[in-house]
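To begin, one chain is listed below as structure tokens, in the form predicted on its own.
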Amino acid sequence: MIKLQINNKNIEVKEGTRLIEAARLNGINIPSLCYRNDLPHYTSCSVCLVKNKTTDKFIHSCSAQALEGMVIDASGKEVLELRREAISMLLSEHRAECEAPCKLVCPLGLNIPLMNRHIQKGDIKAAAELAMAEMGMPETFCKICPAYCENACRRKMIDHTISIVNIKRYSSESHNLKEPLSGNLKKSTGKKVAIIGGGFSGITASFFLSQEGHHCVIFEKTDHAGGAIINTLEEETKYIFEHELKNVLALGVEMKYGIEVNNDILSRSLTKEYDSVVISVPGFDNLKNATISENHIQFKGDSMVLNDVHVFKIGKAAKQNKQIIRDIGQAKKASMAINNFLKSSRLISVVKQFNSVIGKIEDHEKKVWLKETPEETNRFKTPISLEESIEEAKNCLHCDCRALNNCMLRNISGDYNVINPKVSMYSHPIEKKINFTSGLIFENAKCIKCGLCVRLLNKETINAGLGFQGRGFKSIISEPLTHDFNDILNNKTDILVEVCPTGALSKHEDF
């Protein structure tokens, strides 16, 4: 056993232990993208850098061994800055997007590629439930939205956009959800939330907060829900709204009509009876005795404290938007922060997740995504049947990353507040290689050349595996020169995908 110090903590480990393991065994996290303790190792990503204070040098903790008397700084300012630089270098070669453009521009963040995959499989129920869970009132809100998703659809670079709105509408209408999403409901927190205003923003907040187990009561001064905009909608949209409103109320939301809340009622009554108050309508700018919170949920001044109770502003009460769908999207994001506060008593604004950008797409790269679509298929602008919806959904390019929720590079970029580099280094063309035997997909433009996949199968003798080709910045991971990608890696596909720290290696959903 040897003794050393990491982050001023005295520790004792076995001789021969790598520094990264010595730290992790003692509750000190040092990140890495190229290291696994069960595989042969060589230094690649440089994300695990630490400072050896005994020599005043920076070293890679994944390769360096812990030595007697070492004094290691694993989280100082210099160390963190070097790690950011290392991550930025990796991103400068990383030509990929975490989120599909259609999802990014959707004010409510609907996972449109996933919805399309459900529809492709004929699972209309799953598609409809996804839309409801992520939007609350999907049919109504899509009716009042100018279809940002279709404008951003990458398919239009090749021919024309996917009919996202209509295939989503068909799935919602044909499934015709008659019950709320009870399977998504969390256990009751015992917290009560008063929501002032029964317009779209207030209803949205009540939907998402109720799903998290909070009891919501909406106070609406008129005799109907939906706010002033409801009178401008077509009769069909009004009918859809009434149907979807019933599903929201079925979550346990109370709607109290004919009650106009003023500053006095808010101060004397609501702050005494409720754990939190949410204002979704303008008119409460000068609350007497209210203290503006130093923290906020999205915009400065949208959180305040009145009688020791937190009061939040959402929708038009927080910021005026030209498009009401923007208010609704903002209400959803705000609800996430309010939910976190109600559960933890900590007011933390919703942090936008890191999203890698792909940069300019060359003409010869645009058809890469077509590899996952049928060579011959029909297009339907307004699908009126399951078959037509499936056919149209099959044309979706699925340009979202399959490692969206478990990409280590994305997570570490967010943790270290790294932004997308303005200048790219040598970048590989956007290309997809698909093994139609195993379903393995390889995208070199996403690869950070950590070599984990190479080392994982370096003793494989039955099937040819991946290896390095070229030198320096131009080196790539590739199949052997004597093999086709369809002829390699026909087993152990799942563990290859699992070991990849990005979405460079993934598996097609049909396998």
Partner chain sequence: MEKIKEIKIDSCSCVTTTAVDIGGIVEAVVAEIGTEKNKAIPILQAVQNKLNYLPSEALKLICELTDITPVQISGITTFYSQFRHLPTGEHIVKVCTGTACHVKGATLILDAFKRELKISEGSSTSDDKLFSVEEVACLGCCTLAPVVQIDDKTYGHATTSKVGNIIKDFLNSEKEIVSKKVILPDGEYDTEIRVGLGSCCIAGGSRDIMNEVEKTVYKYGIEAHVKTVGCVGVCNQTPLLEIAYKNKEPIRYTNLTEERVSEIILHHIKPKKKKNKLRTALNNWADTFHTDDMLFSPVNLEDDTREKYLNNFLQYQKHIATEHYGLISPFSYDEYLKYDGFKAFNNVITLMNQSQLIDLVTESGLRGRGGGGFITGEKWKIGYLAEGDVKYIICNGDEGDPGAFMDRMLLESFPFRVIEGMMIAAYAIGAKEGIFYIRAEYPLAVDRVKKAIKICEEKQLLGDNIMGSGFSFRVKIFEGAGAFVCGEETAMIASIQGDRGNPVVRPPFPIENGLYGKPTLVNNVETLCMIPWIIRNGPEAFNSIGTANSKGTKVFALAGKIARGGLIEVPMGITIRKIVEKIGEGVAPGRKFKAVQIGGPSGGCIPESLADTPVDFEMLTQLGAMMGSGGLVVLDDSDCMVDMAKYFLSFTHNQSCGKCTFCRVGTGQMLRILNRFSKGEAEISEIDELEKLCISVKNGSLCGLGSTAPNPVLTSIKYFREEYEAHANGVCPTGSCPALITYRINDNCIGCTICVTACPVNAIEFKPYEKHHIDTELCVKCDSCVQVCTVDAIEKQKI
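Under this definition, the rigid core comprises the largest set of C-alpha atoms superposing within 1.5 Å between the forms. Computed from a prediction, not measured in an experiment: that's the story for all the values here. Numbering follows the first chain given and starts at 1.
FYI, the form predicted in complex with the partner chain isn't displayed, but the following is about it.
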property: Candidate stretches 219-227, 367-375, 335-343, 386-394 - the one whose heavy atoms come within 4.5 Å of the partner chain in the predicted complex; result: 367-375
property: Touches the partner chain in the predicted complex: residue 446 (any heavy atom, 4.5 Å); result: no
property: Residue 150: touches the partner chain in the predicted complex, heavy atom cutoff 4.5 angstroms; result: no
property: Non-hydrogen atom contact residue 234 with the partner chain in the predicted complex at 4.5 angstroms; result: no
property: 4.5 Å heavy atom contact, residue 433 to the partner chain in the predicted complex; result: yes
property: Interface residue in the predicted complex among 114, 251, 157, 82, criterion: non-hydrogen atom within 4.5 angstroms of the partner chain; result: 82
property: The partner chain: the contacting residue among 164, 399, 90, 137 in the predicted complex [heavy atom, 4.5 Å]; result: 90
property: Contacts with the partner chain in the predicted complex - residues in 14-47 whose heavy atoms fall within 4.5 Å; result: 41, 42, 43, 44, 45, 46
property: Residue shift check between the shown form and the other one, rigid core fit, residue 70 Cα at least 2 Å; result: yes
property: Residue shift check between the shown form and the other one, rigid core fit, residue 52 Cα at least 2 Å; result: yes
